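First, one chain by itself in structure tokens, the form predicted alone.
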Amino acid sequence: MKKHTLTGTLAALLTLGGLSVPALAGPEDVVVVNAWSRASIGMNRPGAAYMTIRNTGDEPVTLIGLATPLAMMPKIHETKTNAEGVSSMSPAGEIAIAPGESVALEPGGLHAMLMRLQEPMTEGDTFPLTLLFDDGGEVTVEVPILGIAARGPED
């Protein structure tokens, strides 16, 4: 028990210190890496956040929702492109992650859609995003806000 508490505390301290480390909070079997988002132009359009969510445990986990003080309606959406090349977005619903597997939230696919922003997403800032799981577990990660033209966490 102490090992998990110390690991979670260390990860939280390093994350707050600005170092890029996996988020190890809530269910110890869920690890979030490479979280990032883009700056917004004001608050009229939704923002988005991206990351990779890994299930390091022996049991499946199911992501059922998101929470953040930055947006009143955070949801997982999926972008799909039809045969004519027309893209559309829709809520993805619950996301099951098998043991040992990862789910990528990335531009052009699954992503965290941040609707009804409460403040602009400003380059250089961060915001907390909490992933909610069907077993009542939560994982919170600090998401850095990159430039408006960023294409990934390395930008």
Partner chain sequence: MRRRAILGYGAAGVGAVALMLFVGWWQVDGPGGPEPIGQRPVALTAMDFRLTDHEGNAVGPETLIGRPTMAFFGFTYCPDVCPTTLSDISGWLDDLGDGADEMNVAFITVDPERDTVETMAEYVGYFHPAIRGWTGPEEQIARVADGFRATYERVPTESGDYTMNHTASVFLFAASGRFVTMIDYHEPREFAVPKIRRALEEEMEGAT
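Since the structure is predicted, the reported quantities are computational estimates derived from the model, not experimental observations. Positions refer to the first chain, counted from 1.
There is another form of this protein, the form predicted together with the partner chain, and it is not shown here; the text below is about that form.
Undergrad: Of these, 95-103, 124-132, 42-50, 58-66, which stretch puts a heavy atom within 4.5 angstroms of the partner chain in the model of the complex?
TA: Of the stretches listed, the one contacting the partner is 42-50.
Undergrad: Should M115 be classed as touching the partner chain in the model of the complex when contacts are defined as heavy atoms within 4.5 Å?
TA: It does: once the partner chain is placed as it appears in the model of the complex, M115 has a heavy atom within 4.5 Å of it.
Undergrad: With a cut-off of 4.5 Å between heavy atoms, is M89 one of the residues that contacts the partner chain in the model of the complex?
TA: Result yes; M89 sits at the interface with the partner chain in the model of the complex.
Undergrad: Answer for R54 alone: is it within 4.5 Å of the partner chain in the model of the complex, judged on heavy atom distances?
TA: Judged by the heavy-atom cut-off of 4.5 Å, R54 is well away from the partner chain in the model of the complex.
Undergrad: Does any heavy atom of P120 come within 4.5 Å of a heavy atom of the partner chain in the model of the complex?
TA: So P120 does not count as contacting the partner chain.
Undergrad: Can you list, in sequence order, the residues from 62-85 that come within 4.5 Å of the partner chain in the model of the complex, counting heavy atoms only?
TA: Heavy-atom contacts to the partner chain in the model of the complex: M73, K75, H77, T79, T81, A83, E84, G85.
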